[in-house]
Structures are given as structure tokens and as C-alpha cells.
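Next up: just one chain, as C-alpha cells, the form predicted on its own.
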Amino acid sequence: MQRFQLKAEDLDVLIQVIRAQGHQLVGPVIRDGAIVYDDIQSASDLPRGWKDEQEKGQYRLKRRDDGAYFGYAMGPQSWKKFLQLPRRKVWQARKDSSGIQIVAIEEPAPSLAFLGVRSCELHAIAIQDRVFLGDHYTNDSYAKRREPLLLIAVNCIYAANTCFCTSMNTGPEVTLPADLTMTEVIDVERHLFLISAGSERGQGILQQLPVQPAEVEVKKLAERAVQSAVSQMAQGVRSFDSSDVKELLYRNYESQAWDKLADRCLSCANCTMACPTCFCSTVEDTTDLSGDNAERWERWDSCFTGEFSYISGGAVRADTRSRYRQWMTHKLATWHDQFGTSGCVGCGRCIAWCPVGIDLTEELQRIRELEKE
């Protein structure tokens, strides 16, 4: 794959080329003290010169000592909110003199382009593809949004304390297909992007950019930048061997660790809302006071809510212990049986955005220790 270099001051050219093709460009912006994903009009919208510091139940933005556009790790939102909508109307019905008319809602799907997609997030999108675009069941809303999607991936040059993608084999270097892949390179002499195309669409965009063949030194600097993120995670406390996690959880379904977790967990569902792969949803049916109009809405749900497992006679998982065990065991174990991969990509969002600081990697270690005892 041939790689080129694009000057940082020409990043806006890339943005305008993508927008000129009719895409709704979505990327990182700063809002309410966090980096979130929203519409991008120009390079000035990006969080240049900012990074995020994260720990258990903690997130804050701090200034970097350079002008990196993608020098942050992970915000509270994932790309799934643009593909699996948090709330959407499925159908509406109206009763009149001729009877009941039911109309399915066909919303036009925008041609989306995601700018700044990290390797772990590409893996998360691939996981949701298997869920929603499977052989037997397809979510039409997701499929319509996913089909025209343009992906501009960015290799990580910085890792937050909550990141553990190396343990899940999902990053920080981009390994899955993307239309364009970039690595930001900054030193005392230059600020540029190493860029390559991974599809015909990406190649078409690349041909419209003021790029030049990548220099050997630039390639080396890009490799070092990615390795710095690897080193940060290797030196952290969240690096672990995930090869036997499925079997570990299956063996410890009745571990005392679940009791200790239940004492802390609030069942608030923050982890599932922030998670880029959680896909559970529910439907709500509503009628107006006249009884002549009805609607059905699909919305995100979570296995942490009391009503989620409710069937005739009561809830299957009535307490916090069983709900957390269901979430963690499904994410790291039974997901393999359903979809052939882990449901965790190591982004660390569930750690940073848990209000009581529950750390999935610590809980795995605790289960191991209790098993040894």
C-alpha cells in the first residue's frame, strides 16, 4: 500500500473534498468539557492541541504542548449513535372511518463520513455489523446508514490510562479496512499526516489532495508515534492476557466477586450507553388520548435496567449482581459463542464513565485471585 504525506495546514482540503462529495462529515469536537462526535465544517472545528486524561470515574481535558489534531484518546460517545440510532420511530397508525392504517416510517439515510475513527472503534463497528447485518436478521435502519459510510481512520499516538486495546488485540494501529488511514506526525521540524487509501473511494479522495510520496523518515516517525501509544499501555496497570477470559468467566459464574461488585454498582447503565458495541434495544408503543393514533418507537436499552429481562411473572435478572454478571459475561465470554469475537474492544469508556469507578480489568483480576484461593 503506497503512503503519502499531507501537510497539517492542508487537512482542511481533505475535509472540504469529502463534504463536496455530498457526505455529512462527523468528527471530534469539544463540547461541555468533553470530546464528542458531531458535524465538522472545517479543520477549525477539531480539538487541536487538546488531550484527555482519564481514570476510574474521571475524565478531563488538558492542553497538549503541541498542536495535534488527534492527540486525544476517547470521549464518552461512540460512533454507534449515528448508525444504531438511540431513538427512532418504527411505524405509526391512524384509525379513521375506513379502518386502521399502519404506515412504516422510511427515513432517508444520510451519506455519512466519519473522521478520526480509531482502530478499536473500527473493530466495534465490525462487531455491530455482525449483529445487525447478519445472515438471519438485519436491522434495515442500520443497514441503510452503514452502506454509504465513508471511514477515515486515524492511528493512535496517545493512550489514556483507561485504554487497553492491546490486551484485546484491537489497536492502537489500524488493522481493519478503512477508506483512508492517517497517522499524525509532529516533531520540531514538521507537522503532517502520513496517509494511505484502502478503497477506490479513498483513492479518489487521495487524488484530489496536495500530497507527495512519503519520505522514509516520515514513515519511521509515524511508526514511533504509534509505538508510543503501545508503550503507554504496556506500562499501565490495565494490560492483561485476554486469551482465556471466556473460560475464566464460565468457570466462575458463582464467584464471590459478583457479590462485591453488586455492592458498588448503581445499575445506572452508563457503561452500556458509552460502550461502542452494546446493541440492546426495546420498543415503546404509545397512543394519544383519543385512541385514534398510535406509534411504535425503538430506543436503546440496557441489561442493567430492571425491566429489560421482564417476562410474564417477573424479571429474570431482578438484582444488580445478576445484571452485572450478565453484562460482563456476555461481553467477554458468550459473545464469542454468538458472534465469534469478544464484545469488548478495550476502549476503556466503561471505566472512565462509571460514576463509582468500577474497572472491568480489575474485576477480571479479582476473579482470577479468588479462583486461586
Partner chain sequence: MIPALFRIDERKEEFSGTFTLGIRREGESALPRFKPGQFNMLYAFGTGEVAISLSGSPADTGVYQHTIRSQGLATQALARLQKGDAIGVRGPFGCGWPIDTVAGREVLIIAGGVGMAPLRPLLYSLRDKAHGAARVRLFYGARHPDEILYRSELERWADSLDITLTVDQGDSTWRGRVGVITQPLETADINGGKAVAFLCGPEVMMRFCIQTLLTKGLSESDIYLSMERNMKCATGLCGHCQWGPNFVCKDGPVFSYGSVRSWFNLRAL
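Residue numbers count along the first chain shown, from 1. From a predicted model like this one, the values you see are computed outputs, not experimental measurements.
Unshown form predicted together with its partner chain; subsequent notes refer to it.
Of R94, R264, R224, R201, which one comes within 4.5 Å of its partner chain in the predicted bound form, counting heavy atoms only? Contact check passes for R94.
Using a 4.5 Å heavy atom cut-off, which residue among Q212, S281, S239, Q208 comes into contact with its partner chain in the predicted bound form? Filtering the options by heavy-atom distance leaves S281.
Where does its partner chain sit in the predicted bound form: which of 165-173, 131-139, 213-221, 192-200, heavy atoms within 4.5 Å? Going through the listed ranges, the match is 131-139.
Looking at the partner-bound form in the predicted bound form, is K89 within 4.5 Å of its partner chain by any heavy atom? Close contact is absent here: in the predicted bound form, K89 is far from its partner chain, nothing within 4.5 Å, heavy atoms only.
Residue contact check: Y250 to its partner chain in the predicted bound form, 4.5 Å heavy atom: Judged by the heavy-atom cut-off of 4.5 Å, Y250 is in contact with its partner chain in the predicted bound form.
Evaluate D187 for contact with its partner chain in the predicted bound form, applying a 4.5 angstroms cut-off between non-hydrogen atoms, and reply yes or no. D187: no, not in contact with its partner chain in the predicted bound form.
Is there a heavy atom of D244 lying 4.5 Å or less from a heavy atom of its partner chain in the predicted bound form? Contact check for D244: no, nothing within 4.5 Å of its partner chain in the predicted bound form.
Partner contacts for 277-312, taking its partner chain in the predicted bound form and a 4.5 Å heavy atom cut-off: Contacts from 277-312: F279, C280, S281, T282, V283, D285, T286, T287, G291, D292, N293, A294, R296, D301, E307, F308, S309, Y310, I311, S312.
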